[in-house]
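Take a look at this single chain in structure tokens; it is the form predicted alone.
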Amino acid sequence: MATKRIAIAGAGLAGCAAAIAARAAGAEVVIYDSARTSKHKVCGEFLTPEIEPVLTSLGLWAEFEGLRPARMSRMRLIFGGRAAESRFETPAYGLSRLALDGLLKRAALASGAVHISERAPADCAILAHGRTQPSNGDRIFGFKAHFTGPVSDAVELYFFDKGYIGVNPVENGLTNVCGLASESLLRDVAFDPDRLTSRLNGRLSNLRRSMNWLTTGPLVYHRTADPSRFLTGDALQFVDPFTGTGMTIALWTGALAGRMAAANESPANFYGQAVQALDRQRAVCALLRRALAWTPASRIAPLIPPAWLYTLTRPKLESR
């Protein structure tokens, strides 16, 4: 029998995970991405414990630990002057996209996948190139920067009207500050994230920004499917960063697509399994997003215990 050949659009987390899984299943893989090297990206850079079985299935857990990700034992939610905290039963991790993307890309190439620095052709079987659809209304944008200074063992989420900002440690003693805000809110602060972070009750007063702010958007929340191809990562659906599962979902959907494409399984079967794993999380996040859009953040604070948010916004992933 002829060897299966799979073309993948995108060499980010989802695309490289798909390549590694497809190569392990015996397929030839070509990844199309114009970027030649990994770079910093707007991302919460927080990973819940579900990352361990996903990376283990790709044979990369030891390499991940070798990057010395930060470990977090607590979650804090801050709504104006009110704060609530809970401890994690299992530690969570903080690792930059630069480091994690680099790990996945090196592993994909080492597995025998070929990277072509060109725009992807239209007939790629797996799409892992993020979102391109425009959005309407009061659009949502993301921003992120790293800071130096004392680090915490907590992930902190600061909610305010029309946006929120997360603060958590990553590798090498850095702190990642990443947020989402509506276009109208950003316009009010002249599109200057430093003016937004001034709302964090002095949290960053002993930290110093070590890089320029990165921005991305507009962000699109709705789920997309293509009956003829496998859409993975953000190309499938964008998940609110406050869940801490965006990178894990990108890796899991990518690996699932790679295995199924190599086995000649249909995209319909892939979407069925993805929906089953992600639907509860998607519904809870949509509910909270609507609540934050229509209700002052301070009124929602008593209704969202950290442990509840952490539990209900995590996906039900199963390794195959």
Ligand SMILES: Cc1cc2nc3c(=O)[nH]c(=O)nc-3n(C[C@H](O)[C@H](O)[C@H](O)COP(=O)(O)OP(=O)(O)OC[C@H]3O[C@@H](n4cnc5c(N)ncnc54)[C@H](O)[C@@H]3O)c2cc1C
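Predicted model only: the values in this text are computed from it and were never measured. Residue indices: 1-based, along the sequence shown.
Omitted here: the form predicted together with the named molecule. The next part is about that form.
Peer 1: Using heavy atoms and a 4.5 Å limit, would one call L180 a contact residue for the named molecule in the predicted bound form?
Peer 2: Flag for L180 set to yes.
Peer 1: Looking at the partner-bound form in the predicted bound form, is L13 within 4.5 Å of the named molecule by any heavy atom?
Peer 2: Looking in the predicted bound form, residue contacts with the named molecule include L13, since a heavy atom lies within 4.5 Å.
Peer 1: Test of understanding: in the predicted bound form, would A250 fall inside 4.5 Å of the named molecule by heavy atoms?
Peer 2: Answer yes; at least one heavy atom of A250 falls within 4.5 Å of the named molecule in the predicted bound form.
Peer 1: Against the named molecule in the predicted bound form, would E118 count as a contact residue? Criterion: heavy atoms within 4.5 Å.
Peer 2: Yes.
Peer 1: Name the residue from L60, M260, C285, C43 that puts a heavy atom within 4.5 Å of the named molecule in the predicted bound form.
Peer 2: The residue from L60, M260, C285, C43 that makes the contact is C43.
Peer 1: The named molecule isn't shown here, but in the predicted bound form, which of 106-114, 68-76, 81-89, 171-179 has heavy atoms within 4.5 Å of it?
Peer 2: Of the stretches listed, the one contacting the partner is 171-179.
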